[in-house]
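Take a look at this one chain, the form predicted alone, written out in structure tokens.
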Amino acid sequence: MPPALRGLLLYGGLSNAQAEFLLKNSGIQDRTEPTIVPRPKHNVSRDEISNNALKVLYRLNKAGYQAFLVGGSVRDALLGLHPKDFDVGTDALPEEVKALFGNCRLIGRRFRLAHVRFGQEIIEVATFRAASNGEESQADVAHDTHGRILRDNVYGSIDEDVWRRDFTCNALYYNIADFSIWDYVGGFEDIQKRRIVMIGDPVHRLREDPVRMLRAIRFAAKLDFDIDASVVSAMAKLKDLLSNVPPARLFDEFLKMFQAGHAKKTFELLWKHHLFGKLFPETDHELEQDQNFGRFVQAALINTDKRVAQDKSVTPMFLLGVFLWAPIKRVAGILREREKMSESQALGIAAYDVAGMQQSRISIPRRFTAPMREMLALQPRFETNKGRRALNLLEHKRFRAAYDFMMLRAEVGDFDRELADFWTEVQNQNAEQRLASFEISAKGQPGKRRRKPRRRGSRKKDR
């Protein structure tokens, strides 16, 4: 059986008839060799590849190993998107890569990888992988009861490695030996047609790794691609499998989806394909009930994308606060009815409780939940603009994030616009003007309170 078809059968879990049907309808050819796109026929230039990635590629090649730039960097270069992250595929084993580079360390149990560090830049080098056919006596591979890959370190050739990749657009190999592109699965054509196509049977591949559903969404949002109908159908059947993914891994995927400048499009696709509720169930429920909350979320996503486009910093805690705002307000209202506490106290406690419930879906590190709680608990303080305590809000370490959050609320009518304008104006005032704005006397700090003289006989007796 030709290696290409064998790979499809192994990694897609298909019968011969199913494989032939898929090959016929997906543009993937039954061939033993890849389609090689020579340098004059594509636009990937070494000018688009970092010098450090080139160093790794050239040294591997000089040592007699195959060396290819693989995955998203090739795809983005073809699309003119100026890739920033560079992954290398090779037939060198991880230990052999480490022997070539003194600045290399081996990482990972689920997938054994080599990281070659150049200052702040890390070039990831992966050995070509194959599927386990169950005959290896010591195959380092494991799956859970749902078919999700827990560990996979069976090495093979490039002809086998291609079938381990998720989508055809991510399965192109740039050969440093002659600057050609190797294409086994029709990825070159799919990129030109702007479509996300799964390699192998989508149902089987999504069972292997349910996070591929989120990756399909992320690539479609980033690249403005359409998701192939077969992938959409499989996602609809298997979306509940996301609950089996470790919450820490889902948090990593959350960062990739919402901090790359395509947050609004990502959210819309997650909502369209009923995946958002698998990540944020409480938020999903509130969005169904409250249209104004939906407008607030949309405004925040647009703002996040604008900040990324302007090369401004974004923090996960802000968008997490946005997504959890309505559930937190609802819980805070219940707390205030049940206990005597201020609105700020109730919001702080509610934020702690809701963030705790959210951890079962997406594991949010404390370094983000703690400032998020502070940001949300400050919201009621913007409602008062008189007195020393109101003035002191300007000096709070979370003021800027809380202010931006409040301005988004004002944008959708959830906060008084005149008060919002007040807080914008006072930030540009000098000290004297601020005192006047907050209606504080300009005579300076009041003197120390005089102690009342003790009455005779009021001194406590020694015990």
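These numbers were taken from a predicted model, which means no experiment stands behind them. We number the residues from 1 along the sequence you see.
The form predicted together with adenosine-5'-triphosphate is left out here; the points below concern that form.
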item	value
is_contact(D85, adenosine-5'-triphosphate) in the predicted bound form, heavy atom dist at most 4.5 Å	yes
adenosine-5'-triphosphate contact at D91 in the predicted bound form, heavy atom, 4.5 Å	no
Partner proximity in the predicted bound form: D183 to adenosine-5'-triphosphate, non-hydrogen atom cutoff 4.5 Å	no
G72 within 4.5 Å of adenosine-5'-triphosphate in the predicted bound form, heavy atoms	yes
Every residue of D76, R165 and K256 near adenosine-5'-triphosphate in the predicted bound form, heavy atom within 4.5 Å	yes
Position in contact with adenosine-5'-triphosphate when the complex is considered in the predicted bound form, options R336, K98, K265, R249, heavy atoms within 4.5 Å	R249
The unique member of R373, R212, R207, R381 whose heavy atoms fall within 4.5 Å of adenosine-5'-triphosphate in the predicted bound form	R212
Partner-proximal stretch of 216-224, 347-355, 268-276, 188-196 relative to adenosine-5'-triphosphate in the predicted bound form, 4.5 angstroms, heavy atom	216-224
Within 271-305, the residues that have a heavy atom no more than 4.5 Å from adenosine-5'-triphosphate in the predicted bound form	none
